[in-house]
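Quick heads-up: it's one chain on its own, the form predicted on its own, in structure tokens.
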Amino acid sequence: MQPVTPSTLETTFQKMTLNNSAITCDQDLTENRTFKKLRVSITPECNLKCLYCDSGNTLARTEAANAFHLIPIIANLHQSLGFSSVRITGGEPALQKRLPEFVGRLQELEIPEINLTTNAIFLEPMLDELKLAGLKNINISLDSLDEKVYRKITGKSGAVEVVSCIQMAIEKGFGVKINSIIMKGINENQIMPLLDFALTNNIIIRFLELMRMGVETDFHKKHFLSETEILGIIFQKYNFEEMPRKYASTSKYYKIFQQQVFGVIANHSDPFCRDCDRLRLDHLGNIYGCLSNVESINLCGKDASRYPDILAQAMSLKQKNTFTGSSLSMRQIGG
């Protein structure tokens, strides 16, 4: 592993500038791939109005629909693909009061890992039921520990409740990660408090570059903070080493003190398109092969015998190198 210093940060920045795709020298891994991970958006509804979801195109909000019609689709997909994991997303999945039951139904399909991504505002009362239902890991969105900054980003207070839920989830034995979207001029001053909070609680935090998904172009340009800039802020306090990237990982991980780990998801600076193995399913039964493509295929009522051709079509939509984003909101396609 190579220690990261100001000079290596500069080298990394030059590499990203010269190779806009950031992966042009890597082997093209888009051939002979399959989908191994499924992300299921069980509702487009959310109790928050985050800047990066709603500053541009938004989805008309309706009452959260029952997501159980997705179970047969997921069962057929799993039979065809043999998923290694399914992640439940939204919107905010905890708005579904029957979320533990939904997890239990997925557990019956013998999927190795069932995971959840949530803003955690309403999650704490569900934790015991979710544990019994078979949920393994929880990714919790937390973009600030400062209540004023949190409210600026989400439109509501709630940082205290999220922190409480994180600590409770840790106590109950869930694998917990924090996801923090970092925006220039808004919450880059929260990088170090969030990192120190994660280190203190011995959990992994991942800092995400602002994605060009549904947000206005001007908003993205104004508030985009690159991986190099994020690492530069962290380097002011900590030395760290880059760890080898695992196949199909969304994150690059860095090790502090030879043991504690944080990650960066550099969707734009250094995308993971070349070996992405994710398939997305929205609450209406549409699958998306790629975040950078608005094209979807509806599976409702489709015979399972058609799945191989449909999945091949979805795979053909994947980008080989460069993440471009799309007009779709992350609430619509699944965060």
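A residue's number is simply how far along the shown sequence it sits, counting from 1. Being a predicted model, the structure only gives us computed values, none of them experimental.
Keep in mind that the form predicted together with ligand SAM is missing from the display, and what follows is about it.
Taking the partner from elsewhere, every residue among C53, T118 and E209 has a non-hydrogen atom within 4.5 angstroms of ligand SAM in the predicted complex.
The partner is absent here, but in the predicted complex a heavy atom of M213, alone among V162, L106, M213, L99, sits within 4.5 Å of ligand SAM. The partner is absent here; in the predicted complex, the one residue of V86, L130, I166, I181 having a heavy atom within 4.5 Å of ligand SAM is I181. Of the stretches 197-205, 173-181, 67-75, 242-250, only 173-181 has residues with a heavy atom within 4.5 Å of ligand SAM in the predicted complex.
At a distance threshold of 4.5 angstroms between non-hydrogen atoms, E92 is in contact with ligand SAM in the predicted complex. In the predicted complex, ligand SAM sits within 4.5 Å of a heavy atom of S141. Contact annotation: C46 falls within 4.5 Å of ligand SAM in the predicted complex, judged by heavy atom distances.
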